[in-house]
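One chain follows as structure tokens, the form predicted on its own.
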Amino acid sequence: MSKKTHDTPMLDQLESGPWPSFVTGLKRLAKDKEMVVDLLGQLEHSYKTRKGYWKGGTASVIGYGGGVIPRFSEIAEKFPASKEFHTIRIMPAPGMHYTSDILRKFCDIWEKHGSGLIALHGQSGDIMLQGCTTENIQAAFDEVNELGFDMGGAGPAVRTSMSCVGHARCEHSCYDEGRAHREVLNNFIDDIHRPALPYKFKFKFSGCANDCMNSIQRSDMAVLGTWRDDIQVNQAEVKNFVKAKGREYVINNVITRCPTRALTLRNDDTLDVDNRNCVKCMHCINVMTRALSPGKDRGVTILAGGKRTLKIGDLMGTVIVPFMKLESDDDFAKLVELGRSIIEFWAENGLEHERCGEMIERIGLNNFLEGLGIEVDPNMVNHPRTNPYVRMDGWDDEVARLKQAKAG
């Protein structure tokens, strides 16, 4: 039981609002952990001085080049118990499936070797074991490893992948997200543990266009479930939905909210879908879950280059494969090979500290696709033209020139 305390008037204010505060949780841990007592003291000091006092360094476990985020305090003389507060990143299972027994064991390990502070999950999807001394890192990881979990990515490496719950519980799932995640993980494990890339590279797997993993915005290679045939419509359930909610509700909340006006509610309360104009945004399926479901010819769309703010601001992923099946062993092998091609091209052509999407912006999508050997497709257009005027004179000559160049 720790008896040491620091006055924390500024942190105390964060407990005064109507919402739960992280400060309350830290104070609870501080009752038994002197490390957390000094952590609170240092955080209060940072609030007063408006300055952060954590610096990096080197900390790792045997055989791994990444996976530990080192944090050393610049004011260790004031708060010695928290002079080292490293974070160990641990890869979760695909779909983030845990048993209560495993979670209890994680808590026991971290209370024994660390601060007791665990975050589920970081932006890369890792289990974040926060607050460990350099001396205890190896022992903590060894016990976690015995549970069957491995170190996650950190630094200029392939980072920990994320996948949605998918097949296990979601009726919208269009492919086996867990297997795709696992196949990629097994093939890129060396790139996760031994940083050797221009910067970080993330895979994310979402089972449908709802994109519960934020893969389009947050991953260098996003694998997004989709279908290429017609939406499945259960007209009896459509009628039940209209009867329960009323035609006005259905028109206002489903029909008029279709971005391409592909839906029509008939007078007999049945639904017509113009599937050629459907962009598979999932809105109608989300609202009328019993009546509508994804088509039967399911697969994935693959996008590249998504990321949060860095050099040139936020980027959404760009479609590079509009549709591919993901069912057979060969399909999954092609997925892994595409990921390998993207990483190798980016590793060769990317600048230091440059994400894949920033490289694509710099060199142009055409050069990126050419480097991967992928044919250009209209589905790759990032934004349609807003000016309808297009000069077509000379097109035939250009087509002939391209065909000649390919042939010769």
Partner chain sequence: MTTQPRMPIESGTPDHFQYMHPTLRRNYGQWAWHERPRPGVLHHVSHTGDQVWTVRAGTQRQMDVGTIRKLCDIADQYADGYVRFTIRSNIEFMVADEKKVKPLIEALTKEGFPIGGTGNSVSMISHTQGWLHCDIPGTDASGVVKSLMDELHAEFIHEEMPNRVKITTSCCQINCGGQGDIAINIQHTKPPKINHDLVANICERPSVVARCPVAAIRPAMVNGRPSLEVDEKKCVCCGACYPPCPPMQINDPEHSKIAIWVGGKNANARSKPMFHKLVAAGIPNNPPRWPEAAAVVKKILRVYKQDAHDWERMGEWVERIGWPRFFQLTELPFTKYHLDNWRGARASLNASTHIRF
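Numbering follows the first chain given and starts at 1. Heads up, when I say rigid core I mean the largest set of C-alphas that superpose within 1.5 Å between the two forms. If you're wondering where the values come from, they're calculated on a predicted model, not measured in any experiment.
Missing here is the form predicted in complex with the partner chain; even so, the following discussion is about that form.
- The closest non-hydrogen atom of Thr309 lies within 4.5 Å of the partner chain in the model of the complex.
- Residue contact with the partner chain in the model of the complex: Tyr64 places a heavy atom within 4.5 Å of it.
- When the partner chain is considered in the model of the complex, Gly56 lines it closely, a heavy atom lying within 4.5 Å.
- At the 4.5 Å threshold, heavy atoms of Leu39 reach the partner chain in the model of the complex.
- The contact with the partner chain in the model of the complex, taken as any heavy atom within 4.5 Å, belongs to Leu315 out of Ile75, Leu197, Val273, Leu315.
- Residue Cys278 is the only one of Cys278, Leu265, Val242, Leu338 with a heavy atom lying within 4.5 Å of the partner chain in the model of the complex.
- The three residues Met221, Ile231 and Lys296 each lack any heavy atom within 4.5 Å of the partner chain in the model of the complex.
- For the stretch 122-161, the set of residues having any non-hydrogen atom within 4.5 angstroms of the partner chain in the model of the complex comprises Gly122, Gln123, Met128, Gln130, Gln138, Phe141, Asp142, Asn145, Glu146, Leu147, Gly148, Phe149, Asp150, in sequence order.
- In this overlay on the rigid core, Arg362 has a C-alpha that sits less than 2 Å away from its partner position between this form and the one not shown.
- Once the rigid core is used as the reference frame, the Cα position of Thr49 differs between this form and the one not shown by 2 Å or more.
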